[in-house]
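Single chain ahead, by itself, as structure tokens, in the form predicted alone.
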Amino acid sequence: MNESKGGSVTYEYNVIDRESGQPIYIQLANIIRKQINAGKYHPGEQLPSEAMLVQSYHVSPMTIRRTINLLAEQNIVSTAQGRGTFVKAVRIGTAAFYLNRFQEIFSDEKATTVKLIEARLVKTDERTARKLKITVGVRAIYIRRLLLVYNQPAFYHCEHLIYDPRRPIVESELEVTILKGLFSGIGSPLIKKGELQMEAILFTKEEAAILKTPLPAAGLFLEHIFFDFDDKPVSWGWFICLSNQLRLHTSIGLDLSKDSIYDNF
């Protein structure tokens, strides 16, 4: 990209090397991707028509279509029937956040220890029964535990489990093997999926005492529901921690960091 005498910006990402062994449609996809990266085309803006690209780069309509299909597969552009091809706009609503801190904690067995505070049978109240989709008053297992990192309190965890003596889930949960598998990225043979929801809270006196932090104190509340392979809830609970213990990470917008789309093929 160069500046002309009048101050306008010109783009030089437009050379196809026909002597190269790289397919022309991939070269053209890289040219367009670099133009987007340089700001020639902005998110939401329409790319030149197929006829214009054929004329500009002296290639066949089939090559243009393969180029556009490749860019669409790479999530760089989207096509609309009868309207044309558009640079993908940033959609924050579809961003995925990664709980890297949990993965670090459960993967580091030397640094992380789990202290079982309580494990007992309880009669489910209305809220617990609704979360686990069972009848109020049915027995469930209630577990409280403290996760320590380098012997310092990090996460306070409370959990209600469906009581079924035929399932090995109780023994597994007491040893936290299911949580280790899920949050370390290994998975669990007993759990198909989970739903997580996070919100900010103020600690109660009990929570502050367990996490050894003075009041008033703010933190994070991470609620979870785990489902078995019949899509039935088997566990409902929550993690509580100081806000500095848990960070969310995501990326939004176009991923144009690679030098070449060819790197993916």
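None of these values were measured; they are calculated from a predicted model. One rule holds for the numbers: they count along the sequence shown, beginning at 1. The term rigid core refers to the most C-alpha atoms you can superpose between the two forms while keeping them within 1.5 Å.
Although it is not shown, the form predicted in complex with the DNA is what the next lines describe.
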So in the predicted bound form, is the DNA close enough to Ile24 to count as touching (4.5 Å, heavy atoms)?
yes
Any chance Arg65 has a heavy atom within 4.5 Å of the DNA in the predicted bound form?
yes
May I ask you to check whether Gly194 falls inside a 4.5 Å heavy atom distance of the DNA in the predicted bound form?
no
Quick one: is Ile117 in contact with the DNA in the predicted bound form, heavy atoms, 4.5 Å cut-off?
no
Could you tell me which one of Ala209, Val59, Ile201, Met198 places a heavy atom within 4.5 Å of the DNA in the predicted bound form?
Val59
Only one of 102 to 110, 154 to 162, 123 to 131, 75 to 83 sits within 4.5 Å of the DNA in the predicted bound form by heavy atom distance, namely 75 to 83
Would you say Thr63 moves between the shown form and the other one, meaning its CA shifts by 2 Å or more once the core is fitted?
yes
For Val54, is the C-alpha shift between the shown form and the other one 2 Å or more after core superposition?
yes
Taking the rigid core as reference, does Gly84 move its C-alpha 2 Å or further between the shown form and the other one?
yes
